[in-house]
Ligand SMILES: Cc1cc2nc3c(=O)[nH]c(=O)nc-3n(C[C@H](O)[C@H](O)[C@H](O)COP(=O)(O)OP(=O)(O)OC[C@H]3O[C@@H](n4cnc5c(N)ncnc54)[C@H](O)[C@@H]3O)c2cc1C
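Here's a solo chain for you in structure tokens, the form predicted on its own.
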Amino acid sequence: MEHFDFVLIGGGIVGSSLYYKIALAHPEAKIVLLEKESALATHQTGRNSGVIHSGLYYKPGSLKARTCIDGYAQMLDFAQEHGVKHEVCGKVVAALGGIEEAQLETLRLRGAENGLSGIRYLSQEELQEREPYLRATKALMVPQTGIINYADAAEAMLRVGRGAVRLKTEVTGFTLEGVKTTQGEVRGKHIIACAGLQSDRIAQLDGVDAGLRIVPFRGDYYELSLRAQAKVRHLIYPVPDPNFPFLGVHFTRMVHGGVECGPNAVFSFAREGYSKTAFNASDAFAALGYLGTWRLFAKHWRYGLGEYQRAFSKAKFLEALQRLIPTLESSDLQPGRAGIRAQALRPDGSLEDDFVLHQGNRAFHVLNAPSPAATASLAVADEIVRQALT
């Protein structure tokens, strides 16, 4: 039976970044990446907005802030070197009214503390020139923001690295020699799990109780019609609700063309079900049988109700978009894709705001890696290597 130096679990952008980084640092090592699906990057990596985040939102000194700033630069360098299509286009964060303007100033100060350069308020004349259809009482320009397709980036990382990639290979347990999978045992010295939506379950197989559970939140997108795409020149974001780690419904130009609007954030009854009525009994029981889920619902039921209304009502979704671009019409919106965010939840109902990395009995686990994990992935891989291998 073949023995590997590194066994990596999960073929999303974090697992692919780790594969690439280990291959660079250990050129003689034997590496295998295990992915349960028939293709790579089929879940969070292939179903996000494709934004290269600047680091504007994250608590200074947190792992999110540190790795996002570093990962932003690394992702741009990697894309440039390896021909992955991308663009640094900048974004506008738009406030409406005094409360949002005060929150926007908090964001500006946080961005400056995190080391962003060039962030500044736009005059009304500058805003009119940059985004003539946008309504805002105050607008913050964040030039350090870009767009990319993270599935493209993940594929490039695996091409550049060396080693084996085994698809349709689901991890079912751990042994002293390696991991059990649906395709038989895979032996390895170092095992690192980057399992995304299944991260807590893989960790439990390794005897890890980190005091959190992955609760899935579905995000729905609409696409703008060809006529309406002219109303969005770059990226447009609202001021996010500071009580949640979600950034609000926003407008994103896609690197391969088109403009997406979204996502909302609704509790999902399936971790990997992308339709509005998707249901998985095991996933639903895991989430609804967890006390933290009910405590979250009790604290934020109004917010959740509003998100569900937008999920099932195009008119409600349009209302949210019209706060920023009033001239949008229902005919401008075409149903798009959906994604699922793997969000770690604590027993007290609080959403875990930072990345969580944890050493288990046999493997090292990435337990919480929501946005901006794709942007930060190369820097997160550096952090994993530092913690797991030193």
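What you are looking at is a predicted structure, and each value in this text was computed from that prediction instead of being measured. Don't overthink the numbering: it's just position in the shown sequence, from 1.
The protein also exists as the form predicted in complex with the named molecule; that form is not presented, and the subsequent description refers to it.
A.B. asks: Look at the candidate spot formed by Ile13, Lys36 and Glu170 and say whether the named molecule comes within 4.5 Å of a heavy atom in all three of them in the predicted complex.
C.D. replies: Yes, because Ile13, Lys36 and Glu170 each have a heavy atom that approaches the named molecule to within 4.5 Å in the predicted complex.
A.B. asks: Go through 344-352, 36-44, 22-30, 317-325 and give me the stretch that gets within 4.5 Å of the named molecule in the predicted complex, heavy atoms only.
C.D. replies: The contacting stretch here is 36-44.
A.B. asks: Looking at Gly196, Gly71, Pro216, Gly111, which is the one with a non-hydrogen atom within 4.5 Å of the named molecule in the predicted complex?
C.D. replies: Checking each option against the named molecule in the predicted complex, the one that comes within 4.5 Å is Gly196.
A.B. asks: Should Tyr221 be classed as touching the named molecule in the predicted complex when contacts are defined as heavy atoms within 4.5 Å?
C.D. replies: Within the cut-off, so yes.
A.B. asks: Going by a heavy atom distance of 4.5 Å, is Leu378 a contact of the named molecule in the predicted complex?
C.D. replies: Output for Leu378 is no: heavy atoms all beyond 4.5 Å of the named molecule.
A.B. asks: With the cut-off set at 4.5 Å between non-hydrogen atoms, does Gly55 touch the named molecule in the predicted complex?
C.D. replies: Although the named molecule is absent here, Gly55 would stay clear of it in the predicted complex, with no heavy atoms inside 4.5 Å.
A.B. asks: Even though the partner isn't displayed, in the predicted complex is Ala94 close enough to the named molecule, meaning a heavy atom within 4.5 Å?
C.D. replies: Looking in the predicted complex, residue contacts with the named molecule do not include Ala94, since no heavy atom lies within 4.5 Å.
A.B. asks: Give, in sequence order, every residue of 350-380 that has a heavy atom within 4.5 Å of the named molecule in the predicted complex, or say none if there are no such residues.
C.D. replies: Contacts from 350-380: Ala369, Pro370, Ser371, Pro372, Ala373, Ala374, Thr375.
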